[in-house]
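So this first bit is one chain, no partners, the form predicted alone, shown in structure tokens.
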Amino acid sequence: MPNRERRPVMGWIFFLMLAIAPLLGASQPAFAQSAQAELKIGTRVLPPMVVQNGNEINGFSIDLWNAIAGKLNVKTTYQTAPDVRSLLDLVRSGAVDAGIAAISITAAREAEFDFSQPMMSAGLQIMVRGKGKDAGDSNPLADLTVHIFSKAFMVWIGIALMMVIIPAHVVWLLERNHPSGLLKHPAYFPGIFDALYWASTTLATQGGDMPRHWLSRLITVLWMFIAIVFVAFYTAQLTANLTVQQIQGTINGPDDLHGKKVAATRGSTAVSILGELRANVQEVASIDDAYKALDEKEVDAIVFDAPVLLYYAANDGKGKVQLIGQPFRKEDYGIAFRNGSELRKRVNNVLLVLREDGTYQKLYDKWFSSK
């Protein structure tokens, strides 16, 4: 009898275990999700976006991602890449879950990667050697040579030739039949050369022989006055141009990069932009290599992301370099993910929260406003 009573009890226990087993199995993922996950994030050293101090890295991008990771309740391990091309390769291959560090959002990259909403608005800027005592003195002879072969100088030469040829022919017509006139030979050749010599010396305010015809003399007086004004105006223009070159240099904007040696990091958007500007692009492995090339006068300028150049000019490059103009090609930085990444939406939501609660602005001020 006891055995008979025990069998129904054991049956009920076995039945309950079978019923509860699926529920226990379904609850296991929930427990796994409650444990803190870990993400691998790719980056590259690029002050102030990413700054390396010994074995540790920080910077605006790192601080921003750490704030995002805190909101997502995930741990982070970082993997550094030498340049943006290598960083994107890590994202593409799945070696990292995302990439962050001054990654410009372009149409070509957007077709291959998913990007977060812009984490910063930036742009390209030009950096050249400074004019201070630490940058070395400029070469006046080189500046003059550059001006002589400039387009503006060629325009002045063209105007001067017209101001010689036209009055020379007028005087030749008036003087060719005068018995004791300015011309030694009445024929067009070689008489025109006598007239050209007169016009040239008068333009230089060093007139020699005077014409004999009364109208020719009137033209000579007017011509000497015009010549004085012309030479004075050109001299003032030349002085002003050379003074500006002493202060600003020969590169004053993107259009001046044509034919110049310009450093840009390998794989960056600056390389393609410089190709459009027909600059002599010198691709380097890192921005530090670009700084070195500029300092050693191997290149005439650097074109790179404005925030990075601003940081360098205010710190390590202070007194050695100067920035030219304003950013000339606007770009936005974003966090790069593989196409179809579910992490992107979660990161975008957190970015909005960080902007709304003031965390983003505090991080931005920390790395940019005070620098």
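None of these values were measured; they are calculated from a predicted model. So that there is no doubt, residue numbering starts at 1 and follows the sequence shown.
Another form, the form predicted in complex with ligand GLU, is not on view; read the next lines as being about it.
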Partner contact for residue 104 in the predicted complex: ligand GLU, 4.5 angstroms, heavy atom: yes
When the contact criterion is heavy atoms within 4.5 Å, does residue 109 count as touching ligand GLU in the predicted complex? yes
4.5 Å heavy atom contact, residue 120 to ligand GLU in the predicted complex: no
Is residue 267 part of the interface with ligand GLU in the predicted complex - any heavy atom within 4.5 Å?
yes
None of 337, 333, 311, 328 but one has a heavy atom within 4.5 Å of ligand GLU in the predicted complex; the exception is 333
Picking from 294, 183, 84, 251, the single residue whose non-hydrogen atoms come within 4.5 angstroms of ligand GLU in the predicted complex is 84
Given 268 to 276, 192 to 200, 255 to 263, 155 to 163, the stretch touching ligand GLU in the predicted complex at heavy atoms within 4.5 Å is 268 to 276
Near ligand GLU in the predicted complex, with a heavy atom at 4.5 Å or closer, the residues from 294 to 309 are 304, 305
